[in-house]
Structure formats: C-alpha cells, structure tokens
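Shown here is one chain on its own, the form predicted on its own, set out as structure tokens.
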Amino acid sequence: MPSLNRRSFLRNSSAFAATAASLHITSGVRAQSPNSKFTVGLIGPGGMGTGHLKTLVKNDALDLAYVCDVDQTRLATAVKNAEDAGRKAPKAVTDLRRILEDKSVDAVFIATPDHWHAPATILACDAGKHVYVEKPGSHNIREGRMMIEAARRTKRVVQVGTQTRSSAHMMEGTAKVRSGAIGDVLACRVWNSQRRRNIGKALPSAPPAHLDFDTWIGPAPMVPYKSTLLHAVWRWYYAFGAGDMGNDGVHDIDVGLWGLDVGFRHPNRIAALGGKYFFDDDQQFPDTQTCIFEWELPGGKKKQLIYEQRIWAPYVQEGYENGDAWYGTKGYVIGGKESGWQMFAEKNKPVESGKGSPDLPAHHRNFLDCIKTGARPNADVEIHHYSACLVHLGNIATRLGRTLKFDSAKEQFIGDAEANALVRRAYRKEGHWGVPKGV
C-alpha cells in the first residue's frame, strides 16, 4: 500500500509548517491569496469531534467557520470550546447542508456516527469540499466504494481518521516490516483487548427536547429512540455502527494490513467465530470475536491476518492493550499504536525498537497539505477502504457463523445470497435526502 517513510513524513510536516502562510487551494475549489487561510466546518463536535475541534482551533492556518450537531447541548459546548481557545464563535447549525452550500468553505471534518460517514462524505465531495472523515470510513462495503468514486469523480482529497498513518513511530515500524528485515511476512495478528462497559437495557421513550432525533437517524431505517442508543453507544447497533471492531479495532487492523502489504485487494476467504459471551445488554455486535482473513496472491503465495477481540478483558496483552504482531520467516515485529514497536530476529533476539504515540495534529497537517499539493493523503479513502472492509467482512462472517468466499474485484461474496445482502444496508422506506444516489 502507498506510504511515506519517516524521513519523508518529517520533511513534509516541516515544509507544511514553514509554508502555512502561503496555502492555496488546488484541484478546482478556489484559489487563495498568499496570506489567506483554509475555511473549514466541523460536523459532529462531540466525542472524537471535540478532539478535532481542540486541535483545529490551535492551527493558525485555518478558520473554523462552522460547527454542526443535532444535539443543541453539544453544539453549544462546541461554540464555547472555540471561544475559550480565543477564536471567533463559529456558526452553529443543525443541518450539515448549511455548511455544504457555503462556497467559502474549503473542507469539512466529519465526526458523526458511522451511518452518516459515507452520505456526508459523498454530499461534501459533490459540493466541492475536501473531507476528513472519522473511522471507520464506511458503514458498509458498498458505501465505502461509493466514497472512493465520489472522491475521484470530484477530485477532492478525502482523508480518514486513522491517525496512526501519520504517526512517525508506526510509519517507521511498518516500514521495517515491509523492508524484508524479518524475512517474508506471511501472517499478522491483531488484537483488541480492553474493558468496555455494559450499556444496559432500555425501553423506547421520547427523545430529549435538545436532540433532533429524526436528523440523527438520517438515511438509516427509522427506529424508536431509547437511552441506550446514543450518544456513543450507537456503535453497538447494526444499523448505525460497526461494533468495537469498527471502533477501536479498525485502527489496529489498518496498521496490521499496512505492514502485511497485500496491495489493493480484499481477502479471498474469511472465517469467524464470536458472539456476546460477557455482556447482557442491548449491544448487537460481539464482545468476543476471532476472524481469520486469507489472501491468495500472485505466484501462488498466501498471507493471513487474524483479528482477536475481547472487550471484557481488564488486562494488557503482550505489553499492548491493542496491538499488532507481524510474523516473518526470519523474525517478527510486535507493537501498538499507543506506544511503539519492537523487532526480534530468530530465536527472539531483540534487534531494534521505536517509541511514540498517535499524532492527530500531524494527520490534520497531512490532510491540509494534500489539499494544497493535490497529493493523496496518508489515509486516503481508497487505502482505508481495504481496512474498513476487513471490519465489514469479519462482522458479516461472525454474524452468519460460516466461512465465506469473496470476489475482490466485484466486491461480492461467491455463491452466498445471504452474505451479499449485507454488502449494502437498508435505507428509510420513505426516503431521505442523505441516501447516496445510485446506491
């Protein structure tokens, strides 16, 4: 997969900082004067969106013109956070279309629930905006492909929020894996082991007055409001999220796939087992899950990625709460996005190591720099699509409880109508403006 080595990353980051005053938009949005700034909007300023806001307001190369949320309390907090940072109060809107129709806006940051990621990205691209969208980039396989098509059709930069792709320590670690330093890398193991909370059980009720629940549902099928649906807990429902595999697991899956280096192709076979072994609550996705992905590569070579999830585990596994291990014919590399990596030669001889942590500001800089230069970003929507699809494929295989065969070119399961029905998702029967065209 396309990547930057650490030296190139540091050089590009420094170059961006040195030339921030001369930013200009390319690829047809609008030209800017040498001293102008990027104008951006933030859609979804709660949760991870708050982290984005606090990073954005520290960046003198841009103006935060809008914040958008369907929850009035979160919207008010976002405006206050911007003002507390010494910035002019951004315009507060509840409908993302108000941002997209403003021709002065160059880019949007999308940190909505998963089911809005693709619709909002596609709408933004078609409105001429560059997009930074949170992970997982897509809610399902079909919408992920449509995001790529929208980015290429409109010539917009679309960066996905897997910020480890711009973090120097794992850029260096995955480069070691791909360099041949541990021989031919045939397998990767990825784990997500941490203690999540029981979300409880709730009956349908009236949504709170400060929440526009209809807009929150958007293009997804309408369901009754209940207190175990939002905020944040939406990720445990099939219609709105991708489980913890798509929440935290996708970061480590993305890093694992980066090092495994199988190119732009999906696995040919997927096997999975799992379910709710621990939590007795409203969650639909598994709390315990093991997925195996196998690639058949040119020349008859095969590679494998194994994903393990135990979100009831109150311990750190192999030194990394969430981690990756790449196994080569001459050694292995083990690491975690939160701290670093270690390389071992044959017979577990320590060879080399690196330390660091995820770098969100660097990921923002890479996104803005690519708008300026027209280059593809570190976590380009197409690169991320293959990581996000491992989430979707693994969840589908776990849900169906059987081994699946997948056609990478067609992005369809082979001989399995029930699995193919899950490549897409259902939309509102009565229709909605957020439903992507041609879906």
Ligand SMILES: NC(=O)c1ccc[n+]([C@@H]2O[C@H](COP(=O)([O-])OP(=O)(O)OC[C@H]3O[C@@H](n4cnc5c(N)ncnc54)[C@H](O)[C@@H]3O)[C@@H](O)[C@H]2O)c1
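This is a predicted model, so every value here is computed, not measured. Numbers for residues come from their place in the sequence shown, where the first is 1.
FYI, the form predicted together with the ligand isn't displayed, but the following is about it.
With the partner omitted here, the residue from 152, 330, 87, 231 that has a non-hydrogen atom within 4.5 angstroms of the ligand in the predicted bound form is 231. Among 106, 143, 252, 114, the residue placing a heavy atom within 4.5 Å of the ligand in the predicted bound form is 114. Note that among 290 to 298, 129 to 137, 143 to 151, 267 to 275, the stretch whose heavy atoms approach the ligand to within 4.5 Å in the predicted bound form is 129 to 137. At the 4.5 Å threshold, heavy atoms of residue 247 reach the ligand in the predicted bound form. In the predicted bound form, at least one heavy atom of residue 44 sits within 4.5 Å of the ligand. Of the heavy atoms in residue 227, none are within 4.5 Å of the ligand in the predicted bound form.
Not displayed here, the ligand is approached by residue 68 to within 4.5 Å at the level of heavy atoms in the predicted bound form.
The putative spot formed by 49, 163 and 216 is fully lined by the ligand in the predicted bound form; each residue has a non-hydrogen atom within 4.5 angstroms of it. Applying a 4.5 Å heavy atom cutoff to the ligand in the predicted bound form picks out 96 as the lone residue from 87 to 106.
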